[in-house]
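One chain comes next, on its own, written out as structure tokens in the form predicted alone.
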């Protein structure tokens, strides 16, 4: 992937961070997007000795003006964009009876609207490069359960956006992949465990690097093939 130009959101931690490091490790030039300069700086330091490069970009994806500014910067600094990975997102739990609509709006703005707007703004670059677009979704995007209805609704919406985009841009040579990880060791999942009153044991969960490996395997495929949907779950049976 030497010379590949990639933009990864949610690169401060978890799956986004792992994907950014994996791409840079294969020689890609990565724009790592996140909200926290400090954690992005840690990512840059961890990528100092890899074949590729990581450049940090602080952006609040829930701010429309910042998203448009990000797309404009990408257009001015890159002749094209080969890989776009949407890994940013937020999570909140609560029963429909009691969870506030403000919480729903917050999750929608981050998990759906921001993804839609950024994809739309970057489409000219993606078309120019016949790019790959990766949506890091969730197992909640395929099925829901009690107290995650709001989050699951946003992830179902994200699936709809990815499926629709695929139909609209395949003719332009753009591949679209949705990845549906189960519980993955990350700061977000640690907060979920606290909310559920469960002990957080990351060794029993998917590792972010596992998901990154799946993403890179899909990107490595010949252009005669496209992976559209992949579900990945923790393999508890392997923890022996």
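Residue numbers count along the first chain shown, from 1. Everything numeric here is computed off the predicted structure, so don't read it as measured data.
As for the form predicted together with a small molecule, it is not shown, yet the points below apply to it.
K.L.:
Which residue, 62, 207, 53, 213, is the contact with the small molecule in the predicted complex, using a 4.5 Å heavy atom cutoff?
P.N.:
Spelling it out, the residue with a heavy atom inside the cut-off is 62.
K.L.:
Using a 4.5 Å cut on heavy atoms, which of 93, 157, 90, 128 is close to the small molecule in the predicted complex?
P.N.:
Result of the distance check: 90.
K.L.:
Look at the stretches 166 to 174, 130 to 138, 75 to 83, 94 to 102 and give the one with heavy atoms within 4.5 Å of the small molecule in the predicted complex.
P.N.:
Looking at the other structure, the answer is 130 to 138.
K.L.:
Does residue 36 reach the small molecule in the predicted complex if we count a contact as any heavy atom within 4.5 Å?
P.N.:
Close contact exists here: in the predicted complex, residue 36 approaches the small molecule to within 4.5 Å, heavy atoms only.
K.L.:
Evaluate residue 183 for contact with the small molecule in the predicted complex, applying a 4.5 angstroms cut-off between non-hydrogen atoms, and reply yes or no.
P.N.:
Contact with the small molecule, yes.
K.L.:
Contact between residue 11 and the small molecule in the predicted complex at 4.5 Å, heavy atoms?
P.N.:
Yes - in the predicted complex, heavy atoms of residue 11 and the small molecule come within 4.5 Å of each other.
K.L.:
Using 4.5 Å between non-hydrogen atoms, is residue 41 touching the small molecule in the predicted complex?
P.N.:
Contact with the small molecule, no.
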